[in-house]
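Take a look at this single chain, the form predicted alone, given in structure tokens.
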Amino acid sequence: MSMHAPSHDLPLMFVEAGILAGEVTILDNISLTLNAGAPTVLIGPNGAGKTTLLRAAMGLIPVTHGRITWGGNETAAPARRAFVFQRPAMLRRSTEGNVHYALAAAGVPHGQRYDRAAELLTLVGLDGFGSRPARRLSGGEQQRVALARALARDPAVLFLDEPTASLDPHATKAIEDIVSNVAARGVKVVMSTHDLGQAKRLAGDLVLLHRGRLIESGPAAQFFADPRTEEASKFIAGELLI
């Protein structure tokens, strides 16, 4: 499986991008550049705009104004994007069947799907789970199936929306290990989380959002060691952002 982000897909740029829902501003003039490399992690309180930003980048929500470009191209976003929702739905079929469905949707030739599915299930630590009904798996196992399905697209960029929400520590570590492994293979991971510990463990870059605005972004180590804004300092300290 070739997992390496082609340079023409990146950087992903938000240029004064905004999203309105009626009179409510969901994203407020976001200007942000996401480059190839280690994961970019979005943090911020509930309602900050993290999920909306991810969905807009995936092309699931159009921007109301401004633009989103991929490698400088505004008109033809790359097909090799994948998105894992916080609570992914499992198809009513086996674990392996879920992955086979994703491979078919990605246009993988029928004769290659068995080997690719086995490879993907190995990557997400689900060897031996292929024949089990996906809907009977635990929450953490279902999230790993969702990751395998997303990776069936051989994405250049993988968007993850709170991938470990409500999971226990063991399941959380399994997901984090997969994220690290995928990123090491060259896939650009952009994910949201409420867990600052997780952000410290995984992030190359951090983006702090609050009320739809970009508060601060930059290298994770710098963000935690020397935040530039009052909001970032409060958030790191565990204070509520009002």
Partner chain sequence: MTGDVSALQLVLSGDPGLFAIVRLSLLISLSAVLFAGLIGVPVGAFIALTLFPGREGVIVVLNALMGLPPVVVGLAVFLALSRSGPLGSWGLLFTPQAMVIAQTVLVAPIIAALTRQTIEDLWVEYRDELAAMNIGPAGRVATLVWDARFSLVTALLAGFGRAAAEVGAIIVVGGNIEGFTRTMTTAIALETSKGDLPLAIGLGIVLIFIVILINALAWAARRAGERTAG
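Because the structure is a prediction, the values reported are computed rather than measured. Numbering follows the first chain given and starts at 1.
Unshown form predicted together with the partner chain; subsequent notes refer to it.
Partner contacts here mean any heavy atom within 4.5 Å of the partner chain in the predicted bound form, and among 180 to 188, 197 to 205, 54 to 62, 213 to 221 they occur only in 54 to 62. Not one of S138, L167 and H170 is positioned with any heavy atom within 4.5 Å of the partner chain in the predicted bound form. Within this chain, P133 lines the site of the partner chain in the predicted bound form, having a heavy atom no more than 4.5 Å away. Within 4.5 Å of some heavy atom of the partner chain in the predicted bound form lies at least one heavy atom of A102. R153 belongs to the set of residues with a heavy atom inside 4.5 Å of the partner chain in the predicted bound form. Shown alone here, R92 lies within 4.5 Å of the partner chain in the predicted bound form, counting heavy atoms only.
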